[in-house]
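What follows are structure tokens for two forms of the same protein chain, given separately as structure 1 and structure 2.
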Structure 1
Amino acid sequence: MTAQASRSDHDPAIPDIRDIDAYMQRLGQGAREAATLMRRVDTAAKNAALLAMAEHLEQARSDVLAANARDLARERESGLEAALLDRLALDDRRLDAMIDGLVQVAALPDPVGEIDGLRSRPSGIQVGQMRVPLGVIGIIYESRPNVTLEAASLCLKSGNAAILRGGSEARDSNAAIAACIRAGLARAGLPESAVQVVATTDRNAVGRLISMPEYVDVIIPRGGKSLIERITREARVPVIKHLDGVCHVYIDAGADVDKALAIAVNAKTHRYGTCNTMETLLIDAPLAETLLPTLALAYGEHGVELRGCERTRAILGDIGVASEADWQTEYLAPVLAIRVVDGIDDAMAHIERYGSRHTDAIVTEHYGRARRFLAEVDSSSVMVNASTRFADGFEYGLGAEIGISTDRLHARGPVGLEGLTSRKYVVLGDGQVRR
């Protein structure tokens, strides 16, 4: 049966797309054709499109901000929670970062066509591996309109075609940004179907996007745990994902106290609504009596609600009780769970049990314990003496990221250009035949 968009969902800003199946098939066909063309596009043309997008976004700054203001007003009225409103919001500073991101991706080396490990075999042939685009990438995300541009730029630079489906809360913002993307592609002489933004908020569009293996090669979901669980469960194409970001900072007995204070406060309060924000603080028992009161004062200045284990509450007094659920919760809010632990083994056991394999950090001046933490904590980013907030493609020098993968296969951690390619074997010969 053909899925139909309901009239009640129609908004004047959204095309009245009635036949979702036919619409998504058109997008898929266009993306597949574009992916074939993109394999032939050279680096100069891709960079020209990225820089043209940056220029069009600058020219359309007032239009994009006005569209975002409409989204914010509508979602604020509907009761969208504060953390998601923060993700949705654009201002001049965030627009500047988006424009800078396009320029930086244009400046990055193009991975497509790189040949690694070329070696000669006894037969005389040479064998190596060449980086190639994945093909058509479907990206499903919520709230953050900047993802539209980041995803477009990385898919384009890595030679892929993309179908982007943003959340309904950012529909006006995404439409304004999509216009800049199309203009940039056209100006560079590239097919507009190389990056397509789904122009309907009908939920059936997601169901079709994740079940078109004939058109889509990989799905990358970015959003809440329920969205990613649904995509993982229902997708008929491979998925690169992370479910949540239950990130930890462990303050070891061998920590520099000033570093520990700065890192623990930054990791929680720099931004609340991001997946690399610390949600649980682990502190070694020998430091707990002296450092926890200072940390509590600092968190109090930021309005952070503290929930602690029995030993934490014995030191800090009247704070909330950390339940079993708290250790597993990605708050995305000014709430922090604290546990006093007995050394690095206790800390790593807690992370192993409750962590989400996203980002975990140790603060210590003890070389051996730092090395153990790096080797034994099974997360996509593991840090020594640095805030978890650095777990980000831009901070890692990737220019931008499509998302953070906590999977173990193909891509892990922030997914940049190389994560959007695969490798195929190439063989160079001079008339050799097998005997």
Structure 2
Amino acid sequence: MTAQASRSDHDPAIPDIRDIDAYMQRLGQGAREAATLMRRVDTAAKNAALLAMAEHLEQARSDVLAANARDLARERESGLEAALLDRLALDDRRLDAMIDGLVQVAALPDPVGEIDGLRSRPSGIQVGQMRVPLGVIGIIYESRPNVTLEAASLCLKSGNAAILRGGSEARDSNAAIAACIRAGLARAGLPESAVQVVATTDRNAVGRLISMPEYVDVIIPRGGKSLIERITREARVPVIKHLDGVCHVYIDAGADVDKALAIAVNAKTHRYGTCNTMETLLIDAPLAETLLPTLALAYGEHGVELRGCERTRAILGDIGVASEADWQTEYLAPVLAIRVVDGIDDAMAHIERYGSRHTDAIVTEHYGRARRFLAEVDSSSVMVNASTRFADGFEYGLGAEIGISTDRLHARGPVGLEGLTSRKYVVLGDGQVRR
């Protein structure tokens, strides 16, 4: 069958998703038009849409759960691993959290239109910077269907149009959630193309989405490192990305020992699978002899496997060897690499060489070293006397988070509504001209 015949067979009211290029172009055009409208939409209309989505989701609980059950059955059959099935699964508790999330985003302050630093200039003009939406945001993610709603709500509240591309595992769940999003937009009088969920699982759709600079202003990939690396390499539009989190806690000789123990244990054992979990503990030599055995006991109680440098092993004895590869590994598991270092310079050199510029903490009561660590460690979050687990949009007070950026430009660290905006200059005059 030729492409021509294929197209003419098709009901023109339903987008023909077999022609991926044409389909993605149509999504892009729709998003670009919607972005122009969304820029002008007031806070009340955006909040009304979010609350209407919450209501529609409440009413569609059984549809969404039935769709999710179809996804789960199909993926279980095709052998998806248990951890991914768990991420894919929805239940009433998860739906409650999704509905609650919409209500919370509606309650957040609207960043759009905020003007900072308006100042008078000698010429008589006043100059300031106004927060404005980025435009069209493409989000590419994997199995968790709740990301569909989170991403939709954050893009909407920040005045952007969104094109969402979820994992093929969640296709039925995402379609059911997309119906609630569309219904909510429509009820608030907003264009349905303000949030579009890509309705094909064809992998070429991703390739198109990341190479339409005329329609898409930024791509945010959420998923494993290989997905993000591929997208960064191939994208023809800017990418806000989150690579791995090889996070460190450095216990300085000037540390309060109780704080050091609490932080080092919490940063590793509070949750293992998160990007802000400590993966390498650096301990200053003067404290190593006394502190490492206590720490080893605590980690032992949590079933954390320790791998050490030579000096660590000389103190702790029977633990594994930390190799070069260990220092660079995001375990996401109850495994911890430990290195004894000689002071803050040695610690910072290790972090510079092996870290991933995500989140790093120092434990110390020494003012000068705390100050140096804050200034000199080049990570998206740098902490003094706090657990790396705090690197999180909610803990930072952003209200919500679309991801954590390990980039250097635009947004670093947790990205909330503000990270989905940028600032344009506004100039207020009274007839001024350049002399």
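What you are looking at is a predicted structure, and each value in this text was computed from that prediction instead of being measured. For numbering, take structure 1's sequence and count from 1.
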Exercise for the section: Structure 1 or 2, which would you say is the form predicted alone? Expected result: 1
Fill in the blank from the handout: Listed options D100, Y354, G343, E418; the one at the hinge of the rigid motion between the two structures is E418
Problem - Smaller rigid part, angle turned between the two structures (C-alpha superposition) in ° - result: 13
